[in-house]
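Below, in structure tokens: the form predicted on its own, a single chain.
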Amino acid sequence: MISPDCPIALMDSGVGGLPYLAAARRLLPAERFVYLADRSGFPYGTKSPEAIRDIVLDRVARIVSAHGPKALVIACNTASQAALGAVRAANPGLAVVGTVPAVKPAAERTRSGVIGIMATARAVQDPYLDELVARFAKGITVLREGPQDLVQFVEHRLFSATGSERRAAVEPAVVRLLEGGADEIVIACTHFLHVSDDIAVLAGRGVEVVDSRDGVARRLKAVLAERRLLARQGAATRETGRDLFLLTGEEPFEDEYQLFATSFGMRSPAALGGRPT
């Protein structure tokens, strides 16, 4: 039975959604969280929408069965675009929050009339993004970059890379957006949030880097409040290692996942469990 004492689940193709977890923790300090990095399904950005939908439905079914969350955040733009509706239909009693690229605020703030979007290879060509642009960025030039290699870089090389290597990884896409005149850069792949400071440094003064993590956290809180599922104040305290970090796939897990767990104050990585379909 869903109750205020149940945890909140977040999922992504990998570690990209961890900054969304951090934003939700700041806004909801009394809550418990379960985070799933879909290591065996990674990456989503090279797969068809149908394949992504089937993968996400499977992972959600397994995390719901194993951990009984009161809410789920699909902390992945690509997965949200491909599977949000299907997840809601398959889990009618579960509060499900998706991730939407921050096209609207970028379009409202631009002074040059040009905004840039950095997303996965799949997300930049998805009709869902076309609809967002048509709805919120009329009259605005929208440039799109899908540096899929950057997703792999963040997932597997973030901690071992030097600062210069990180900047080199983001530079090609950022330079093309700047050359096109963008003064707003929308981070529409959650993995890219881990290198957002590097993107901002390369973009320079006068260019704003925007994302949706705070907006998603606010939406999560509002949905829980509407359903009277917010944890009772004082019911829990924020303790390092209280939240679960789950992975799909076979053990042993790569060392970088322990580094992410430590960096975000979670328990050591553990297997999700349950049989994949």
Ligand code: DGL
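Note that the coordinates shown come from a computational prediction; the quantities given were computed from them, not determined experimentally. Residue numbers here begin at 1 and follow the sequence given.
Beyond the structure shown, there is the form predicted in complex with the ligand, which is absent from this document and is the topic of what follows.
Remark: residue 83 does not count among the residues lining the ligand in the predicted complex, judged by a heavy atom distance of 4.5 Å or less. The ligand in the predicted complex is approached by residue 76, whose closest heavy atom lies within 4.5 angstroms of it. When the ligand is considered in the predicted complex, residue 42 lines it closely, a heavy atom lying within 4.5 Å. Proximity of residue 151 to the ligand in the predicted complex: non-hydrogen atoms within 4.5 Å are present. Stretch 143-151 is the answer when you ask which of 104-112, 198-206, 143-151, 171-179 has residues with heavy atoms within 4.5 Å of the ligand in the predicted complex. Interface residues of 189-206, taken as those with a heavy atom within 4.5 Å of the ligand in the predicted complex (partner not displayed): 189, 190, 191, in sequence order.
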